[in-house]
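Take a look at this single chain, the form predicted alone, given in structure tokens.
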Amino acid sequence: MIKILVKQIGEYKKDAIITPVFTVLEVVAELLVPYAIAALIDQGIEAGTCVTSISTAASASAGFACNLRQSMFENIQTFAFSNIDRFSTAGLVTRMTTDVTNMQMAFQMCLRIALRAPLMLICSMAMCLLINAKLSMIFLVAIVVLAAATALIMSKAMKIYNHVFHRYDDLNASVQENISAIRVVKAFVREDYENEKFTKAAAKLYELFVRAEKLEALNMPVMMFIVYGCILAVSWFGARFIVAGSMTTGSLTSLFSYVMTAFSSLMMLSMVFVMMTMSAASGRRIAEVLMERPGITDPASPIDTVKDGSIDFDHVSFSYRQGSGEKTLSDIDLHIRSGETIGIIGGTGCGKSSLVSLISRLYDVDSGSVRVGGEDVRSYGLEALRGQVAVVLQKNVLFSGTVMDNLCWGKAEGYMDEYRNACRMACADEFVERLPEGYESWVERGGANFSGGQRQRLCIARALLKSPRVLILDDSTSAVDTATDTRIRKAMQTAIPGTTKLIIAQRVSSVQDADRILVLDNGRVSGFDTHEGLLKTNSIYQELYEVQTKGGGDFDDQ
């Protein structure tokens, strides 16, 4: 863990090295005070070295935190969905914010106080031994007792802090969920429920912090008890030495001065231990992200060209948790020709989205194989495969920026006619061109200033700009009216006839004109035929068709 974290200091090594050097000079300057050059030290050396060590420590710690966040973010970009599922979105946010801040504070404290305090302590002990070795033994015993007590307290506090940051994840998850779904919360008047849920998460975090702080609070009374006990012992035995003539009053006074300096250093070290206790848990959580290797990577000799849009599922089984025994897909055996339009239909949870996620290798199969263009998807470079498999997800995501910025995700450097043509096929041109600034109109984060149907059409246009071999529409026209849905499908059939199109839908009307329709039921293939063929042979499809054409409703009402 330490090696992983130390690497992140990066270009700030200079500041990290300069800080201890000037801290040493600061300690030396401070220890020279008793030797009658206080004025020179206070006005020159100590002030200068102190300012320098503080500024370089601030630079090094802020840079360290910046590098940590950058490295974590870059590594997260390589994660497969399975990696992200392991940490959770809220957990990753906590690690990049709260945990990194804790590490930044701990690193800055370590650069100065963790070096300054031990140096002051060692030098003060050395001076005490020079003045009177016998009396200094009291001081040494006190330090040993104090160190043991501090270690015991910190070890117990550490166990609590390990739980604290998991509670931070829960708290962030509650906030994230509430804010992203705030319209639903208000529509169902669930503010009180959400407040109660957040309060419980915050209260649990409060409880853990209080327990940890109570343990750490014991450190101060234990320290003060030992300090004053040590002073009393030194005073008692020192007075006896003075009476016996083996020690002078001046020597005892100097000894007290160094003893107080030493104990002041111990108090600073105690602060460092408290901070290190908290940051150790954060450090482990950060190191977990940095050491995490992506679950899906390029093969040793990747194929960089997708020949065509043919898709083959050879007895594929898949589960989100391998070895759990809970199969999301079981023994899927399908063969789709390049250029075909395939409708995919079935009830919620039957595995429709899971099936298509295997085509672009967002997840890997448990058994069997998925082939695109005649090659196993695991043989392709991820960039080459995903560059030729365009996916319009069920949840449409637009990013803050202009309409054009979002379209450029599909093709970064294209002609304006290409962008307009893609929007025309997706029936997005009709509202984009009515916007005050057209394609340069601003899109709020998540596309909050566009309707659901408008977001879907922009996402379809973005996917079409990739000119893919395979186009997957995962229930991506659910928010548009039937007439617009029909226009989009007809435009795609005409404009991209060679592209294999997989259309996941709940409406029979959205897929009945497809070349073939796949019916899924509990992760298995229930039927795979034309609309007419399924009406004759497949009871699930028959029931769905009857309900939607005669009784209204959709598949999930049954």
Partner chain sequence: MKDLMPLMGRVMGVMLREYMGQFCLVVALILIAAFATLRGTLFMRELVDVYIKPMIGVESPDFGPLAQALLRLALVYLAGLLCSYGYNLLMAVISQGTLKKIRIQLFSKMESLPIRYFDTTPHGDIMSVYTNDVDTLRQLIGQTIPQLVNSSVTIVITFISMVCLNIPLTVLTLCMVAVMLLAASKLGGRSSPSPAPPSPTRLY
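Residue numbers count along the first chain shown, from 1. Remember, predicted model here, so these are calculated numbers, not experimental data. Rigid core (definition): largest C-alpha set, two forms, superposition within 1.5 Å.
One more form of this protein should be noted, the form predicted in complex with its partner chain, which is absent from this view; the next part is about it.
Put simply, residue 186 is close to its partner chain in the predicted bound form: some heavy atom of it is within 4.5 Å. In the predicted bound form, its partner chain sits beyond 4.5 Å of every heavy atom of residue 348. At a distance threshold of 4.5 angstroms between non-hydrogen atoms, residue 81 is out of contact with its partner chain in the predicted bound form.
Interface residue remark: residue 232 is counted as part of the site for its partner chain in the predicted bound form, having a heavy atom within 4.5 Å. Residues placing heavy atoms within 4.5 Å of its partner chain in the predicted bound form fall in a single listed stretch, namely 275-283, out of 121-129, 301-309, 275-283, 381-389. Highlighted residues 102, 218 and 249: every one comes within 4.5 Å of its partner chain in the predicted bound form, counting any heavy atom. Think of it this way: in the predicted bound form, its partner chain has a heavy atom of just one of 483, 141, 224, 435 within 4.5 Å, and the residue is 224. Scanning 152, 416, 239, 397 against its partner chain in the predicted bound form with a 4.5 Å heavy atom cut-off leaves one residue, 239. Contacts of stretch 198-220 with its partner chain in the predicted bound form, defined by any heavy atom lying within 4.5 Å, are made by 198, 199, 202, 203, 205, 206, 209, 210, 213, 214, 217, 218, 220, listed in sequence order. Put the two forms on the same core and the Cα of residue 105 is off by less than 2 Å between the shown form and the other one. Comparing the forms between the shown form and the other one on their rigid core, the Cα displacement of residue 210 stays under 2 Å. When two forms of a protein are overlaid on their rigid core, residues whose CA moves 2 Å or more are considered shifted, and residue 380 is not one of them between the shown form and the other one.
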